[in-house]
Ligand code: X2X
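Next up is one chain by itself, shown in structure tokens, the form predicted on its own.
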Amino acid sequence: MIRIQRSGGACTRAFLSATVAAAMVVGVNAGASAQQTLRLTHNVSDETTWHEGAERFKELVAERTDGELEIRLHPNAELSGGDQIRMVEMVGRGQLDFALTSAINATPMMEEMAVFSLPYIYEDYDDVDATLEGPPAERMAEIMREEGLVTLAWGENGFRQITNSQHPIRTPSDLEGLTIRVAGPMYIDVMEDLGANPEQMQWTEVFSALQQGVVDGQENPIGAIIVPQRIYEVQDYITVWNYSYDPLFLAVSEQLWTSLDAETQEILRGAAQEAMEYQVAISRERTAEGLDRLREEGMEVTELSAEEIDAFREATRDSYNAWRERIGPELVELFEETVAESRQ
């Protein structure tokens, strides 16, 4: 497996000479192995489905390259000092090799990524899958490429549910005055629509902030985050409201990608897609089982009726419309039309 550097003249000749020399050394010493180590970073712990998906990717790449490529995993955004936004930027600049992260973590870098998480744009997984398997995902990959990120596959963080330590949330007015940790700028507007006090902070700081009462609540998917990150230890109430969805994406630095031969690219893309299919499956499975687990752990679970969800949909309409303009009406329409067609 040969990695090709795209440079010219003497640099190219020097690189090729070094490659040939290295190959001769390997031929002389049969015990030697040409192994290259690449770094994959994500911003949550190694107890999550994110990490399990990354582990599967690592295993598949090692298997399909006969150990020539090793993927080293770095959870908790440890290569960017815990900064989940900077982590994505570093991959885009070629300072890191791979990122596995969610769309909202890339929104400060690319506002278009907020389209996935617009309040109540999706009702169920069928809506989600229609966009992630069709033209909307293709368009998002084009947008990411402009920032130096090559999208290899889509995974799942999931539908985001809200937890808090104060009282059950059943109506928009129940959020008034609560301080809620949020992950991105769009969620600040959404929470303000609902009368809450949004507080944006890095995920690595959230558990202690909940534990110390710095914030009253947070919102995240059940199977991917709330259960494996043991949020039930510091929160008493959860409301299932499916107000926003968040996909994961596994992306590689464009600088690295263009230096790889076609065979290696095919291996990486295939491994990424298989790994993320696995990650989506286990995330949905654990989400389905998660509410029973949270009840067992002592959380009070509130499940809303369609009419109660409509009240939240109307209450967040201003944020939806404002972000529709910021994201770009044509892009949002592509998502809306794809979802509408899938429901026919």
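We number the residues from 1 along the sequence you see. If you're wondering where the values come from, they're calculated on a predicted model, not measured in any experiment.
Missing here is the form predicted together with this ligand; even so, the following discussion is about that form.
When this ligand is considered in the predicted bound form, residue 203 lines it closely, a heavy atom lying within 4.5 Å. A residue is said to contact a partner when one of its heavy atoms sits within 4.5 Å of a partner heavy atom; residue 44 meets this definition for this ligand in the predicted bound form. Of the heavy atoms in residue 253, none are within 4.5 Å of this ligand in the predicted bound form. Using a 4.5 angstroms threshold between heavy atoms, residue 246 counts as touching this ligand in the predicted bound form.
In summary, among the residues 149, 175, 152, 183, the only one with a non-hydrogen atom within 4.5 Å of this ligand in the predicted bound form is 183. Note on the partner interface in the predicted bound form: the residue among 105, 131, 117, 163 having a heavy atom within 4.5 angstroms of this ligand is 105. Residues with any non-hydrogen atom within 4.5 angstroms of this ligand in the predicted bound form fall in just one of 267 to 275, 219 to 227, 72 to 80, 132 to 140: 219 to 227.
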